[in-house]
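Presented below, as structure tokens, is a lone chain in the form predicted alone.
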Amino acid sequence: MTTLKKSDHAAVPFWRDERYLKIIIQVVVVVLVVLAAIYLVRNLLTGLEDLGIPLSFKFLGIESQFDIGESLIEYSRTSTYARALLVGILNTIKVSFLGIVFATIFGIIVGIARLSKNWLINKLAAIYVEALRNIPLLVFLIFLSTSVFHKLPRVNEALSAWGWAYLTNRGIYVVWPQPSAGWDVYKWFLLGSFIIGLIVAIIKYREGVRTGRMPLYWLWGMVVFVVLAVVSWFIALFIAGQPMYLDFPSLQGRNFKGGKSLTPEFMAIFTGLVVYTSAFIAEIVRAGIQAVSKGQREAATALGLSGFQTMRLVIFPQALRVIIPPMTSQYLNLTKNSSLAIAVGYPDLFAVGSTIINQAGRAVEVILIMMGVYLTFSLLTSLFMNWYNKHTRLVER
């Protein structure tokens, strides 16, 4: 038997060695991508310089000279473009955050209704889902704006909800709390009540993880917060006076004064995003619940758990592992779909940015800012949802 020596085998050249080839290919691809990016950026900068408008963000300090219908911060025509963009960003955050919260609530309700044994509830939920999922969002938003909220009665013929709210074609006016003399004292009590309620909720949650019998920890925290907030109210009232009062809207002249005004534009984009997205979330919730084995429900029934307890303690916690990943995509879609607010006149980031482009002629800079803002929103949403998904997924041993 002949023994082969190491010298009898020719060494494999590095360009044929798979270990080196993988590294070489990756380096080549990265270099090509970087070179392509450099070429595109240089081409962009050269083109802008040839047009006499080199890339610059100095225009953000120029006065905007245009009005914005809604703003969460102080703004006027003499404010800068930078502040105008900030107004648009805050308006986008406002409609996106509220949209996510209410779309989730309605989506869960409709998704559970899709599994109801009641024929009427089941079919109504099915019609809701199938109809809304097959209507383009832009068309739905324009319908809500032109055919619903702008068709409400005039101010002098406003629909009243016992004086607490008024529906008009100029907006919806609702009663709203306003700070009073004791607010400066009460707000610190309120903050302390919230922190204590949060601590109680965390303690109850950890107790449930330890014992295996998960209580309604969020309800415990909420009850503690409400009780302490009520007690703090009377303490602040005794120390510094009434912390807050309810400001009721009232018709004065040709419009309502007082309370909180919700414009038709905001209501159109908010309602459209909530209703449209909730239809997709409902299907995600339905699929997640149906993904849980029937044996889990049967075991819960055998233990004597009610239908609500079974859903809360057994079915829904397991369904979350299936629900959360696609739910994240719907949250991202809702945030990006908020850019359609320009179609109904709501001054979100895209609408304000479009106005600045028309006035300042700085399309590249403004679009880069908008892309960066939407990218940041999406990454932060994904980061939070991935963190939550990590804490709810099934850990294998």
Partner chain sequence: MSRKVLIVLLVLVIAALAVAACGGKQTPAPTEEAAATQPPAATEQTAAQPTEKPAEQPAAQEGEGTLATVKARGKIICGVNQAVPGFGFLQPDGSFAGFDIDFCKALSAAVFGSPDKVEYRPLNAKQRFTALQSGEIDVLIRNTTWTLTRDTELGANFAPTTFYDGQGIMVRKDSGIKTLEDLQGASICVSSGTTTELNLADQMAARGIEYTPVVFETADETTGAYLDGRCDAYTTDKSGLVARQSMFPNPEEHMILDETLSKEPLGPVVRHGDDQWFDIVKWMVFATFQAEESGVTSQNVDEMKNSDVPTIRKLLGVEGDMGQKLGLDNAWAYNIIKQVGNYAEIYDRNLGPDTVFNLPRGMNSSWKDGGLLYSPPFR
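Residue numbers count along the first chain shown, from 1. Because the structure is a prediction, the values reported are computed rather than measured. Basically, rigid core = biggest C-alpha set you can superpose within 1.5 Å across the two forms.
Just so you know, the form predicted together with the partner chain exists too; it's not on screen, but the next bit is about it.
Among 233 to 241, 105 to 113, 310 to 318, 149 to 157, which stretch sits within 4.5 Å of the partner chain in the model of the complex, heavy atoms only? Comparing against the partner chain in the model of the complex, the contact stretch is 149 to 157.
Note which of Arg210, Lys117, Arg254, Lys294 lies within 4.5 Å of the partner chain in the model of the complex, where distance is taken over heavy atoms; exactly one does. Result of the distance check: Arg254.
Heavy atom within 4.5 Å of the partner chain in the model of the complex: which of Pro264, Gly99, Gly288, Gly88 fits that? Just give me the one. The residue in contact is Pro264.
At 4.5 Å between heavy atoms, is Val41 in contact with the partner chain in the model of the complex? Judged by the heavy-atom cut-off of 4.5 Å, Val41 is well away from the partner chain in the model of the complex.
Since only the chain is shown here, I'm wondering whether Arg83 would be in contact with the partner chain in the model of the complex (any heavy atom pair within 4.5 Å). Close contact is absent here: in the model of the complex, Arg83 is far from the partner chain, nothing within 4.5 Å, heavy atoms only.
With the cut-off set at 4.5 Å between non-hydrogen atoms, does Ser64 touch the partner chain in the model of the complex?
Yes, contact at 4.5 Å.
Quiz item: Do Gly372 and the partner chain share at least one heavy atom pair within 4.5 Å in the model of the complex?
Solution: No, Gly372 stays farther than 4.5 Å from the partner chain in the model of the complex.
Between 327 to 365 and the partner chain in the model of the complex, list the residues on our side with a heavy atom within 4.5 Å.
Residues within 4.5 Å: Ile342, Ala343, Val344, Gly345, Ala351, Ser354, Thr355, Ile357, Asn358, Gln359, Ala360, Gly361, Ala363.
Review point. If you line up the core, does Leu383 shift 2 angstroms or more at its C-alpha between this form and the one not shown?
Key: It does not, since the Leu383 C-alpha is displaced less than 2 Å between this form and the one not shown after the core fit.
| task | Using a superposition on the rigid core, decide whether the Cα position of Ser329 changes by 2 angstroms or more between this form and the one not shown. | result | Comparing forms between this form and the one not shown, the Ser329 CA shifts below 2 Å.
Does the distance between the two CA positions of Arg254 reach 2 Å or more between this form and the one not shown, the core being superposed?
-> Yes, Arg254 moves 2 Å or more.
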